[in-house]
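Single chain ahead, written as structure tokens, the form predicted alone.
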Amino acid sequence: MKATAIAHSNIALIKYWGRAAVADPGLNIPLNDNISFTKNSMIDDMKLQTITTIHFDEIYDRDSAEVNGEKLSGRKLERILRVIDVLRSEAKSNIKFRMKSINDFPTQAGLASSASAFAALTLATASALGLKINREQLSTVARLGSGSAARSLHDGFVYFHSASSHEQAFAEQICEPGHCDMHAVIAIVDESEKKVTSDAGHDLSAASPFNDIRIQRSAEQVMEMRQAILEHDFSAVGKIAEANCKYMHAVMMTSEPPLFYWNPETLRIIKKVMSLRQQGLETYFTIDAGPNVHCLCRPEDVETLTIELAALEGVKKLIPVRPGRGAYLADEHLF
């Protein structure tokens, strides 16, 4: 009863911010449908992945979890148990576990570390318990730990449904990774943990006077984005993603209290992307809940875009990524 899974982070092209008003807010159901692609890094020293091993055995007298060398307790352990307890119940098991997980990229820095973490945890746990559950059903369980984790279970481009019930709020694949001709370069400007987590930030969204407008516009954009992806229309994907990103951050900045995840380097990259576009290099920006910027581009422009971004003051690291593989099981364990 041991399994190991590897999962990668994802980047939302259509964002969600805030949880649906359902009976149990712990279900992490998003306020609006959203779209992402699962990121596979094109460099070896930062694969943007989480590796998780979990072992269920009678030898353990209590549940234990370790992430990047930190023994988890309190709310952090409770968050993991949200996922594991659902799967233990499904397997009709009360056996205790040991879990160990490692990330190879910064956590809580707006790079979707919780997405890869809970996607890997969900797949590994289901496998260790011998459960035969499809990816759509698994995504509803991963969502209990982190909403965006529902998307990281899948390969390529992913659609995440909002709904009024747990079972209907699932993620599904739109298309394979290579279907839409698009890559991205992530410009890292700050690797530190943000002071306000995404989990806490979601609760502030309703305080913004612009959130209802964002939800309404996102409902239109999510359908436009899905069509653009299926039609291989990079220009449309980039334009919609950039606009939707600005809507989400406008809501963050006008909440009470306001959330300012951007820093001066973030704005410098935004202006550079807009300038490059005017010069003929087609690139678009999108930013999750943090200061680091994903610059969308065509595959043939990755090298040029990387050179241009590297010249900017404050850029600490550049990670070229492409749409790629979702969560999968591995043969080698962490313990």
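None of the values given here were measured: they were computed from a predicted structure. Note that residue numbering begins at 1 and tracks the sequence as displayed.
Another form, the form predicted together with another copy of the chain, is not on view; read the next lines as being about it.
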Residue-level question: is Lys246 within 4.5 Å of another copy of the chain in the predicted complex, judged on heavy atoms? yes
Find out whether any non-hydrogen atom of Arg214 is located within 4.5 angstroms of another copy of the chain in the predicted complex, and reply yes or no. yes
How about Trp262 - does it come within 4.5 Å of another copy of the chain in the predicted complex, if we only consider non-hydrogen atoms? yes
Taking 4.5 angstroms as the cut-off for heavy atoms, does Phe56 touch another copy of the chain in the predicted complex? no
Partner-proximal stretch of 154 to 162, 134 to 142, 205 to 213, 90 to 98 relative to another copy of the chain in the predicted complex, 4.5 angstroms, heavy atom: 205 to 213
Residue among Ser127, Gln173, Thr254, Ser198 with a heavy atom within 4.5 Å of another copy of the chain in the predicted complex: Thr254
Select from the listed residues Leu267, Ile307, Leu281, Ile43 the one whose heavy atoms reach within 4.5 Å of another copy of the chain in the predicted complex. Leu267
Partner contacts for 293 to 307, taking another copy of the chain in the predicted complex and a 4.5 Å heavy atom cut-off: none
